[in-house]
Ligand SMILES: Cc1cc2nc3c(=O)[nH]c(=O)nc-3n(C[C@H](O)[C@H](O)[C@H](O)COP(=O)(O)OP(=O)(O)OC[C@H]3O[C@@H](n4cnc5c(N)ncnc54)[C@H](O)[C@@H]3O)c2cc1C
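Shown here is one chain on its own, the form predicted on its own, set out as structure tokens.
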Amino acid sequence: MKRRKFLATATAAVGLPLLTTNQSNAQLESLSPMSPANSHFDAIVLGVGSMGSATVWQLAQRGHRVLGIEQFDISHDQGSHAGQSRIIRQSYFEHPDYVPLLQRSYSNLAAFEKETGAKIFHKAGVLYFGKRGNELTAGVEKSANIYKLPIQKPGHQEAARQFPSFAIPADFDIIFEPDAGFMTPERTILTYTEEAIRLGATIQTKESVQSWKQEGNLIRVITDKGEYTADKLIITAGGWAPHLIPQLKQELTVTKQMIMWVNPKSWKPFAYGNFPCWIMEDPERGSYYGFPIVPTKEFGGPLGLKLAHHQHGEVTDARNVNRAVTPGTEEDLMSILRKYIPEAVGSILSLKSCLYTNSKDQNFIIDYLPGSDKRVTIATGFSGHGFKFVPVVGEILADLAMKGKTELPIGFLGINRIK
């Protein structure tokens, strides 16, 4: 959507008169804020990022009066979702219990793309490799076997022919998941939010939540710009969750993660269509992952071949993140390229940071807040592997908030596992 069209739609959604293109920015800035008469909602969503945007859309689609409050722009680079691409896969090595949710996520995403005409999922496959007997490939194979998911187990000669850019040691296991690929996070969030606005959702950006409280059957939210009430509250605040859900402050750790884009010697072998997404387990250093080069005219920046180290970075506070490059990042990631993808070694084009919000067991926390009489629903602790679940988590949170239950299998993600 063009910026002018988005602003017009968003302005209409918050109950303000539409401006013609001849009216000035000064007139827009002089418009009154939302009136008290319009400040009560069926549900308020705190944080319109990955999970929040899908939740706002689900609620609006079901006809509910919903407000989404976002402290930054939609989308933005201050949290967990920026950076051009996120892997989506079904043969889940983390735990097989996630697979039914991923199958629903794939289904929901396909339906959303068909309905909106947006292209969010890009099939590139995922190549997994690690030393024989490693947890990564063992977990992939376990989930695939339980749910009969299509995977391939090429021998080393076949892998060298099919994936010539990789130098995989002879004592490594190799698995390829052909139906996996990547999602475009910024486009995902923008599209869910745009469609929610079209359906009547109210979206308030650049507005920071100061506090919220439950008053019997009423939820009251106080921001730096106003006060709102709702029947239900949904908190999808990413790295800010520890401050909005004090009960979980000791259970969540926010870390800064570094991502790098490099300029390979030759781009063609690493271009989308020629090169897969990949996840590997180095015996000494742990998990790394990466993506093909995508055209910036279609996907936006940064430019180059993207990779990162999937381990906890330095502990931080989302309200005050040191965005400087973490010492050792360049050598850590370049050493992995030299060892496993040597033709990709080149100059560094970009280094950026994002946030992980980690639970102690690395599993999500999706449940009602204890003591809220099912009026406050929380989704947090996505621990660096949550984005692929956006299409299903939006459905789950809307179900929990407005139906009082969900039929989707999320028992293993409940808050009752936390002491």
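A residue's number is simply how far along the shown sequence it sits, counting from 1. Nothing here was measured: the structure is a model prediction, and the numbers come from that model.
A second form of this protein, the form predicted together with the ligand, is not displayed here; the remarks below concern that form.
Of the candidates 101, 159, 209, 262, 209 is the one whose heavy atoms come within 4.5 Å of the ligand in the model of the complex; the others do not.
In terms of contact with the ligand in the model of the complex, the residue from 276, 130, 79, 304 that brings a heavy atom within 4.5 Å is 79. A residue is said to contact a partner when one of its heavy atoms sits within 4.5 Å of a partner heavy atom; residue 87 meets this definition for the ligand in the model of the complex.
The ligand in the model of the complex comes within 4.5 Å of a heavy atom belonging to residue 244. The ligand in the model of the complex is not approached by residue 228, whose heavy atoms all lie more than 4.5 angstroms from it. Contact between residue 66 and the ligand in the model of the complex is not found at the 4.5 Å heavy atom cutoff. Heavy atoms of no residue among 272, 288 and 344 are located within 4.5 Å of the ligand in the model of the complex. Of the candidate stretches 146 to 154, 114 to 122, 289 to 297, 330 to 338, only 289 to 297 has residues with heavy atoms within 4.5 Å of the ligand in the model of the complex.
Along 354 to 374, a non-hydrogen atom within 4.5 Å of the ligand in the model of the complex is carried by 354, 355, 356, in order along the sequence.
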